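Given as structure tokens, the chain that follows is alone and in the form predicted on its own.
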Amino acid sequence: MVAESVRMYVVLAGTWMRAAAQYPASMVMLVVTQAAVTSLDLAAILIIFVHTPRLGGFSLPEVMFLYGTAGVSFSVADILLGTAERLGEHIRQGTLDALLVRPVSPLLQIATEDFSPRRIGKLVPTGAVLVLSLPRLDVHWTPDRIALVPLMVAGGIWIFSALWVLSATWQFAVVDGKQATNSVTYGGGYLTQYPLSIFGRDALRALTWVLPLAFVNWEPALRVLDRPDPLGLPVFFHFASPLVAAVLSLLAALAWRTGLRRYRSTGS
């Protein structure tokens, strides 16, 4: 089942990619533009460090590490499932009905809709920052810290992907709820670029127990950077990202199936 879903995703995405490749100049310009827009967040961080040597007790290389891990995770999740936010448009326009009668999951169809290389533009600057930040970290690289870097990126991708689907299902109830969806996904991507401790203890608790964005990169990064947990959580939480991602995935799957069962055709 999973293998077939992956195969269909690749087939559908490849179809859109071939269509985009018919206009190579436009494709390159879109990738470059997307990369430039994404780099604005990095520019904002660099401007902050022009005026202060540390942000929330974290040095520039450490914040760049947080920016890179969050950015890569968010960018890949955006590439894979970012267009799930269009669910409300399909419901409003009546085109979800057409997706439901096709022999492919409607989620796969929406996720691969207008699949374009321009999405890769977000990955270029964040990936470059992550690679450049690693050798500049003042860290004693033990085996567990080395292993945590790819694991936190993979866990972050998984968490953001689950949140994209979970927040998109809100639009089954509120058709014009795309902005609420974006506040979770894009807002979450923005928050995780910074040390979460700068937002205050109450916000940090909310981002750990309510909307678990702390497990995208904050908790594992505390282990990598050898920093104490501001909430005093046990060491186990530094490695809990896969568990959190699995729970969010189950909730997203349940919410998606519940939304589809309760969906009533527009009759168009």
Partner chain sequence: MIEVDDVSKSFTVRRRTGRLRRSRTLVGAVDRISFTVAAGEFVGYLGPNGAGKSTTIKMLTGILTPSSGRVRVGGLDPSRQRTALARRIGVVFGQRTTLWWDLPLRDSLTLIRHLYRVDRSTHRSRLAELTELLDLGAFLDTPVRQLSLGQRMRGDLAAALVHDPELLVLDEPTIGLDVVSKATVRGFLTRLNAEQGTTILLTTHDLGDIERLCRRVMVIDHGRLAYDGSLQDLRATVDADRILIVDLARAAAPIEVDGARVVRTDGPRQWLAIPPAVNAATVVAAVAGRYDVEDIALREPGIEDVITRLYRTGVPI
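Positions refer to the first chain, counted from 1. Nothing here was measured: the structure is a model prediction, and the numbers come from that model.
Heads up, the form predicted together with the partner chain isn't pictured, but that's what we're talking about next.
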| Counting only heavy atoms and a 4.5 Å cut-off, does the partner chain in the predicted bound form sit next to every one of 19, 98 and 101? | yes
| Counting only non-hydrogen atoms and a 4.5 angstroms cut-off, does residue 258 reach the partner chain in the predicted bound form? | no
| residue 197 near the partner chain in the predicted bound form, any heavy atom under 4.5 Å? | no
| Is residue 251 close to the partner chain in the predicted bound form, meaning a heavy atom pair under 4.5 Å apart or at it? | no
| Could you tell me if residue 94 has a non-hydrogen atom within 4.5 Å of the partner chain in the predicted bound form? | yes
| message | Quick check for you: of 77-85, 139-147, 155-163, 101-109, which stretch puts a non-hydrogen atom within 4.5 Å of the partner chain in the predicted bound form? | response | 101-109
